[in-house]
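Presented as structure tokens, the chain that follows is alone, the form predicted alone.
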Amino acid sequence: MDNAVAELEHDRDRLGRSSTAERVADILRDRIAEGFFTPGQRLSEEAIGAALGVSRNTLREAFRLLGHERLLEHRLNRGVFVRVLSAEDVADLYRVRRVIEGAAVRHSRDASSAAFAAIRDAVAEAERAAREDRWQDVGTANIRFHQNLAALNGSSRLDETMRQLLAELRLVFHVMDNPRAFHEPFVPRNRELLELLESGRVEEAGRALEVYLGDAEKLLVQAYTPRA
């Protein structure tokens, strides 16, 4: 059992007696978003089922759900694999991000203090992880930052869409040969964007976000294209 699968044993308490494929899919999606599973990795039904203590049928249904979310793919006679994204996928992900996160910025004036606290926590965690040279954790904190930013829309449906989108995005992060070089410049930019929003400078925040997303997309496409 590899380390990523072994980590799933800690998630057993998230599954009650009435565990469902949806709950299993939630766990696996979270683990993909946290970088535990990598693009092209084969997922063992036996190992994951044992780690989570669920039946093969439940696990297969969870795999099917994540396949619809474009996180996993079934290869005939070979098994289930974490999906490998293309440069075109990156462009489409950022197209959707601009819509969701741009709307979140526009709705930020109506956001609660708790909503901003969640964003501040993600910013602080990224800064802490950067100081400690934990760049995978910086990537995870960055994903949480954008998830909490999207939550300013106040829509549970958009929250779910964003969770799926950011899990896909985490798969793209794996193409970066130097995670620090990619993530480090965005740590202070997250802080800057938060400060703009908290001070009510919504139009300026919207412009900053547009440049931010454009820069990130360009870096990822440049890294990904040679492998496409």
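All of these numbers come straight from a predicted model, not from anything done at the bench. Start at 1 and count along the sequence shown; that's the residue number.
There is also a form predicted together with the DNA; it is not shown, and the following applies to it.
Heavy atoms within 4.5 Å of the DNA in the predicted bound form map, among the stretches 58 to 66, 177 to 185, 158 to 166, 199 to 207, onto 58 to 66 alone.
Checking 27, 193, 172, 54 against the DNA in the predicted bound form, a heavy atom within 4.5 Å turns up for just one residue: 54.
The shortest heavy atom separation between residue 74 and the DNA in the predicted bound form is within 4.5 Å. In the predicted bound form, residue 45 approaches the DNA with a heavy atom inside 4.5 Å. Though the partner is left out of this view, residue 79 does reach within 4.5 Å of the DNA in the predicted bound form, counting heavy atoms only. Interface membership of residue 21, defined by any non-hydrogen atom within 4.5 Å of the DNA in the predicted bound form, is confirmed.
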